[in-house]
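First, one chain by itself: the form predicted alone, in structure tokens.
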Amino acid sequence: MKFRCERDVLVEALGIAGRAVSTRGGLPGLTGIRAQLQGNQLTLTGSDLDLTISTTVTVSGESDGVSVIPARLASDIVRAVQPGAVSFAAEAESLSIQAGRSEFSIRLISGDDFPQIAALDAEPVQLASAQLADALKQVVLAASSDDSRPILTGVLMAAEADGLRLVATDSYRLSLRDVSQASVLAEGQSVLIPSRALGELNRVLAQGDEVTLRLGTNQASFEVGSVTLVTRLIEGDFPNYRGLIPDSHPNVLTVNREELLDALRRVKLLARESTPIRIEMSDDGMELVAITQDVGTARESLESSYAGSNLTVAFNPQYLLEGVEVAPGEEITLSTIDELKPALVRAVGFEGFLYLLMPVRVS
């Protein structure tokens, strides 16, 4: 295998494929990127068995071939050389990398150690990339990162009315987004996709106007532009999220989203470690309060409209901030029952988004 390619193009491609490379011990092949050259098309593939990412770039090819290159080392070398053309030449067990006056020779990884990735044979369905990107940004953040509870590390993708519903929860918060006119699942069908895979997908959605989705029995694939992402599905039953969402809230606060975000960021400066932010709501408006022992106190009042009884509710400041950040629109509502029941953040005039947040008990 032998080719030449511009450094920046190669850096980006190696970075995309490298996002799926295993960082844990195990098969040596999982620490490598499979490079396959056919004519002027170079396909780079990284995989950790759960997630596989492939990307194809156009290069100046001289001789076809397939090699498994050390992912991190090759990426570091290409990133470090001077801008311009980079030459790759793989022979037997070594890879030569040349750029300007720099020359490197590194050992290749045995191709037998790299997993065989079978193509997913399923009907393709197209989705608008921009619409999916917005939905993923609003939902993926609420998934758990605790691998001891694998169900909660996934995002539920379910058929809903005339479109698609995405739901994620880590048991402290829940985010829900409906994508209208996106019928990618049969009625009543749902799948559980790892949030890590969807996070990586969101990084590359800008490369194409449409994303092609294929769903298999235990895998899903997404194709956008020159990138293909294949992920294993999570087996198991997602929690009954509908039962977590209260039917009604007697207290509703309406506030400008940007003004609330700015105030939250300021008050959060005094919310150290596990200190919650308290929201005091009354007919006079709202006030944000953070009290940290031996550090200090922050207070800020905001113009708002409020319907309900006087109430003080405390939240994890980071969870509250993230929910308000991803809410669409200019105004949001914070709907509450009491200081211990789940609260809902919604966007005024946008019914397809909901962010549920559990309050924090304070004395």
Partner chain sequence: MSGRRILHADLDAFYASVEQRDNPRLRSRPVIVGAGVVLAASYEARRFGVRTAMGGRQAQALCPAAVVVPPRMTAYSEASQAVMDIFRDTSPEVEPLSIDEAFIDVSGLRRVAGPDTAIARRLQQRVATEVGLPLSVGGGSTKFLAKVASGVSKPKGLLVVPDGGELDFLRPLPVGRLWGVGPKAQERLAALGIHTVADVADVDRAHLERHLGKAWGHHIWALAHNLDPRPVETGRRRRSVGSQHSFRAGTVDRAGAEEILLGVVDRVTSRLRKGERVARTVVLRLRFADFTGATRSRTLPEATDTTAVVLATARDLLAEAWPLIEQRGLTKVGVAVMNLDTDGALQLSLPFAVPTAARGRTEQNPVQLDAAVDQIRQRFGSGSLVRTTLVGQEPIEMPLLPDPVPADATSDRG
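Because the structure is predicted, anything quoted here is derived from the model rather than measured. Numbering follows the first chain given and starts at 1.
Another form exists, predicted in complex with its partner chain; not displayed. Remarks below refer to it.
inquiry  = in the predicted complex, is there a heavy atom of its partner chain that lies within 4.5 Å of any heavy atom of Ser54, even though the partner is absent here?
reply    = Ser54 lies outside the contact set for its partner chain.
ask   = So, in the predicted complex, is Asp237 in contact with its partner chain at a 4.5 angstroms heavy atom limit?
value = Within the cut-off, so yes.
key: 4.5 Å heavy atom contact, Ser171 to its partner chain in the predicted complex   = Contact check for Ser171: yes, within 4.5 Å of its partner chain in the predicted complex.
query = Any of the heavy atoms of Pro194 lying within 4.5 Å of its partner chain in the predicted complex?
reply = Answer no; every heavy atom of Pro194 is more than 4.5 Å from its partner chain in the predicted complex.
query = In terms of non-hydrogen atoms within 4.5 angstroms, which of the given stretches 76-84, 255-263, 238-246, 279-287 touches its partner chain in the predicted complex?
reply = In the other structure, the partner sits against 238-246.
task = Counting non-hydrogen atoms within 4.5 angstroms of its partner chain in the predicted complex, say which of Ser67, Ser304, Thr336, Asn316 makes the cut.
result = Residue within 4.5 Å of the partner: Asn316.
ask   = Looking at its partner chain in the predicted complex, do all three of Val9, Gly15 and Ala17 come within 4.5 Å of it through at least one heavy atom?
value = No, none of the three is in contact.
query = Taking its partner chain in the predicted complex, which residues along 334-352 bring a heavy atom to within 4.5 Å of it?
reply = Sequence-ordered list: Leu340, Pro342.
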